[in-house]
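Next up: just one chain, as structure tokens, the form predicted on its own.
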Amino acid sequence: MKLGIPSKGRLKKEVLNWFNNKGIKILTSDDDRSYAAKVADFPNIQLVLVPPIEIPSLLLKGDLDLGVTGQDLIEEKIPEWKKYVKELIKFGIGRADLVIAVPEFWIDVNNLEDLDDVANIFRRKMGFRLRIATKYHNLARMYLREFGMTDFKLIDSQGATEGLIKNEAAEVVIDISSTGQTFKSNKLKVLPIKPIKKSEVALFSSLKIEKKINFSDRAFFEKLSINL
């Protein structure tokens, strides 16, 4: 079986600590640039270190059997994800919310009804649709259209999403946030409504995995208290 985990940074360390606390030792290089790693005592499990954003597509294609990534990324990258992958266990780390943020000076905008009004004004008076910067096109579009909002344009952002407002390339941001501090630093406010998505890191499996599990692999799942 192939198991994908985050390849670097704080999230990689938190994931390694989580497995270690479950009695599963993952051996890696101290150098984030090295991709050499293995799962101690489980030679049949091939460990792959990859960016979390790539793990959903690798699970979908069958290049990974198991993958550790955010719930938000699974839902964003795999439409109708429950048809293809299964969430096995939550890690209790990497908790964050997918939220909508607008400029602080939009004092009258505090919910989706207000945002929809602003979008209509932009279309009517400015001659173009309200621009929303986001990495989460599928989740954002689904959420806004379920509400009934249509006068908007999604602007792709794979970097510092908040900076697109400062550079006047967008008016609104939809992004993941754990504390909201980045938004505050960029003079943005999070709309005080239910998040589009509450997310945390979890272990996911391909629905095809059961065909590949042998007797020795089951001990791995038993240590994680996962019943397949």
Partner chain sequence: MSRLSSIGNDRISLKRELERLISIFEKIGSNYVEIPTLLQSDLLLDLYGEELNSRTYIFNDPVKGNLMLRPDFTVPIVQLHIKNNTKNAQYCYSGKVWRKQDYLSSRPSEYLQVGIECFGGSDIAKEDAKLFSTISKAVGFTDLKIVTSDLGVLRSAINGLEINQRCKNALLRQLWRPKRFLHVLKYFSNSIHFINNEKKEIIDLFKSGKLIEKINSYNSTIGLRTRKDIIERVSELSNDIVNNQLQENDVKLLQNLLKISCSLVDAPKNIQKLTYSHDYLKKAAILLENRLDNLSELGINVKQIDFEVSFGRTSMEYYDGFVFEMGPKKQINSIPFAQGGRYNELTRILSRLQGYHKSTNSVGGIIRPEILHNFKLNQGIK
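What you see is a predicted model, and the numbers here were worked out from it, not measured in a lab. Numbering follows the first chain given and starts at 1.
Below: the form predicted together with the partner chain, not depicted.
- The partner is not drawn, yet in the predicted bound form one stretch among 163-171, 38-46, 199-207, 65-73 has residues with heavy atoms inside 4.5 Å of the partner chain: 163-171.
- Mapping the unseen interface onto this chain, residue 114 counts among the residues with a heavy atom inside 4.5 Å of the partner chain in the predicted bound form.
- When the partner chain is considered in the predicted bound form, residue 188 lines it closely, a heavy atom lying within 4.5 Å.
- Though the partner is left out of this view, residue 97 does not reach within 4.5 Å of the partner chain in the predicted bound form, counting heavy atoms only.
- Using a 4.5 angstroms threshold between heavy atoms, residue 139 stays clear of the partner chain in the predicted bound form.
- Although the partner is absent from the chain shown here, none of 18, 25 and 77 has a heavy atom within 4.5 Å of the partner chain in the predicted bound form.
- With contact defined as any non-hydrogen atom lying within 4.5 angstroms of the partner chain in the predicted bound form, the contacting residues in 67-105 are 80, 83, 84, 103, 104, 105, given in sequence order.
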